[in-house]
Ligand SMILES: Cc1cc2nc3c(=O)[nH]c(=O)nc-3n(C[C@H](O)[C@H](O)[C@H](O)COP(=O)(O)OP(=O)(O)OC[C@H]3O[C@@H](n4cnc5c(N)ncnc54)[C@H](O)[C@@H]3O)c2cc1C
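Form predicted alone, single chain, as structure tokens, below.
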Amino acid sequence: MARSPFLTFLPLFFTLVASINTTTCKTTPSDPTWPSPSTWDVLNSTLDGNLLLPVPPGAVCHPTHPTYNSTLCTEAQLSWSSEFFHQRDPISAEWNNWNNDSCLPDASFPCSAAGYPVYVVNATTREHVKAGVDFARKYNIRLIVKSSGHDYVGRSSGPNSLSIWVHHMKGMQFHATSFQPQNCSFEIGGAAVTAAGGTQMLETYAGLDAFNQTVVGGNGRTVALGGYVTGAGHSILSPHYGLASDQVLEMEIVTPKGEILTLNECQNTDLFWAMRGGGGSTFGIMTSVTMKTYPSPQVMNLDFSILTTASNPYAFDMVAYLLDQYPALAEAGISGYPLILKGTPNPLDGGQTLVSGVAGKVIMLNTTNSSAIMNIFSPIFEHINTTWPAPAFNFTAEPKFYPSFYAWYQENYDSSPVGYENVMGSRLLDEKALSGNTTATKVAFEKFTEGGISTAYLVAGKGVKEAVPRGGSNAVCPAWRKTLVHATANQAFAPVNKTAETDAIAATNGFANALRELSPDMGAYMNEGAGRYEPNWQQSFWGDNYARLLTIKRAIDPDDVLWCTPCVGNENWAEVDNKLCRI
């Protein structure tokens, strides 16, 4: 009789469990080594009263919970899909599964604090951050870092932990003409901005607009600088200027050893290299960053769609043709956020019909003439209409001019809802993957879009390839330097349903496998990818940089004070029954 794959897995599982020595686990509230209330009181005093004992935000909807309040429950339910609701809460994440669905705002589900941190340091100064790091290291407590909770892979959440919440670390200083890094004998010419670790994209763009400047940044309003720049950080401006990590001139961090260090090309150079692309919550906690800024460009935006009936057999022939045009579009100065649709409700008729095709927005910089962008896309539309006349593809194209990047951002930020269960797969694609074999591209993207919607973001290219970070290099995955497209596909699933979660993880890995086969020598973006479910994640997220990153991690954090997944050096630990234990 053939042996079941599950039965084959069982001995491996029990070997893993047996290898866990609970004496080397991070301490939890049920352990005798957990600090006493009076010890926590001392920490609170050190923090100027900024130690929080938080309650899950969904608890207000559960009648058996002490914080139940029907009025606040209604407010929570109405706000749960808002990114700002979760950023304001010290422990909530924007996607429910990263808190283990522990306490949803629905009384039909159970509610406990099991998926959340136990205490939170509401840090407003670097000294607060240091105090939290020192306390976690001394008492062997799991330590995590949260800013806004905008984290697709769940690093800002963790049960039985102490969380350092940097959301309230705000402030910006603009350097109009140059910036001199600490202990460097030279100045770096050009404008720059120094921002505190909790600063978000909305605040950064708004603050710099007063100086007619902008920065390479994300499109979500709650994207925070810490996780963004440490993870590489793509942008609709990246094809022109490079990734966010490429813009960093200096950082201040608190290390796992509790040191407050300034990193730049003249001092602490290994950490300066690692913190720019090596990932957040790993080598230290960023308390401020100085980045290069640019004169705010004029923006010509084009909202477009190329849609057809879901039954059109040529829908993905068209998609492959459009992707084949991406290198020429990039050369012409186009960047943007196209979506690929497969059998999804038609956005043009209120969802009454199902369509397939491409829709989204692209931009050109520093032109006031709408014909500049239309002249690029009109031949593409004409080719599609001529090559596949029936069933017909329907085109829409609406150009609009914006006098500054911030003006564009105010109307075109990512407004996607949050507050649900979600996993994602992604892949970085080079020109070869897009243009080498259009038949292979068609098949791959048709599989990649099985969930209904995928993305083919044109957010790399020349600017990323030719970027020269300070110090000569950084830890960004080398695949980024060949990339044109960052492609993503996600799968939502039902709450408090392990079968649905397992199926969603399998589905997104299946989607992503299609693009892994199309581009086997590329990689994936760690901030928007399969995360802890990515196979061979060390290679996918960091490539040949991983060995050096691991050496730096072992040197700066030998006791793994900072641990997250998928993160450099996390191989020595495993999460079992909400405990983090060395294996």
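All residue numbers are counted from 1 along the displayed sequence. Here the structure is a predicted model, which means the values were calculated and not measured.
As for the form predicted in complex with the ligand, it is not shown, yet the points below apply to it.
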Among 500-508, 350-358, 151-159, 303-311, which stretch has residues with heavy atoms no more than 4.5 Å from the ligand in the predicted bound form? 151-159
Listed residue that, although the ligand is not shown, lies within 4.5 Å of it in the predicted bound form (heavy atoms), from Gly277, Gly425, Gly242, Gly226: Gly226
If the cut-off is 4.5 angstroms on heavy atoms, which of these, Leu323, Ile91, Ala512, Ile285, is the one near the ligand in the predicted bound form? Ile285
Residue-level contact is defined here as any heavy atom of the residue lying within 4.5 Å of the ligand in the predicted bound form; does Tyr139 satisfy this criterion? no
So in the predicted bound form, does any heavy atom of Gly115 sit within 4.5 Å of the ligand? no
Does Asp317 make contact with the ligand in the predicted bound form, using a 4.5 Å heavy atom cut-off? no
At the 4.5 Å heavy atom threshold, is Gly220 in contact with the ligand in the predicted bound form? yes
Can you tell me which bits of 116-148 touch the ligand in the predicted bound form, meaning any heavy atom within 4.5 Å? Val145, Lys146, Ser147, Ser148
